[in-house]
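Just the one chain here, the form predicted on its own, laid out as structure tokens.
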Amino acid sequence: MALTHYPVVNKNGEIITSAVTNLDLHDIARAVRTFGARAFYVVTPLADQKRLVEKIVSHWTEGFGSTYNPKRRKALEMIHIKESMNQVLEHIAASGEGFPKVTVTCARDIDTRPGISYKAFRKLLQSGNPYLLVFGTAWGLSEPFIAKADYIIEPIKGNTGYNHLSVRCAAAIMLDRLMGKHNLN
């Protein structure tokens, strides 16, 4: 899965590059490790933000944090820092499995393209073919980015009109729905 900081939109709908959040790195990496995704890509074109991610990751994978909290190390070892989504796709393809189908997330309903249900996407994941689940920061992925995706997964809906989950909460919910072991009897 990937967490991209560009191209995302701000609250006014303008395309921006957002800042990396330390909590997103830790919490999403732990969810990725828990549910068995193969990798967690953090995408930012900003050099200072890449350095920040590298510093945080190295503290927990090589520095004091690696011995202080080995479970955190195992989670943060899943992180790959990339400058662009093209770099992510090329990195996955270089593993020998080919280019993945890209599935994007969006909290808002997109009327221009049909979405894919969790059940249908879960079945695709079981095929063994490569898929990349992409989350956007700030106020979500830009419309042009979404338009290029192979799939748009259905949004998470609560039972109120409020719909503004943090990306780390959304990632955990989606990973559970897609890869969790459920016994709902």
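As the structure is a computational prediction, the values presented were derived from the model and not from experiment. Each residue number is its position in the shown sequence, starting from 1.
As for the form predicted in complex with a further copy of the same chain, it is not shown, yet the points below apply to it.
Stretch-level contact check against a further copy of the same chain in the predicted complex with heavy atoms at 4.5 Å: of 142-150, 41-49, 63-71, 129-137, the positive one is 63-71.
Contact check for Lys55: no non-hydrogen atom falls within 4.5 Å of a further copy of the same chain in the predicted complex. Contact check for Leu23: a heavy atom falls within 4.5 Å of a further copy of the same chain in the predicted complex.
Residue contact check for Leu124: none of its heavy atoms lie within 4.5 Å of a further copy of the same chain in the predicted complex.
Mapping the unseen interface onto this chain, Arg30 counts among the residues with a heavy atom inside 4.5 Å of a further copy of the same chain in the predicted complex.
Along 151-178, residues Ile156, Lys157, Gly158, Asn159, Thr160, Tyr162, Asn163, His164, Leu165, Ser166, Arg168, Cys169, Ala172, Ile173, Asp176, Arg177 each place a heavy atom within 4.5 Å of a further copy of the same chain in the predicted complex.
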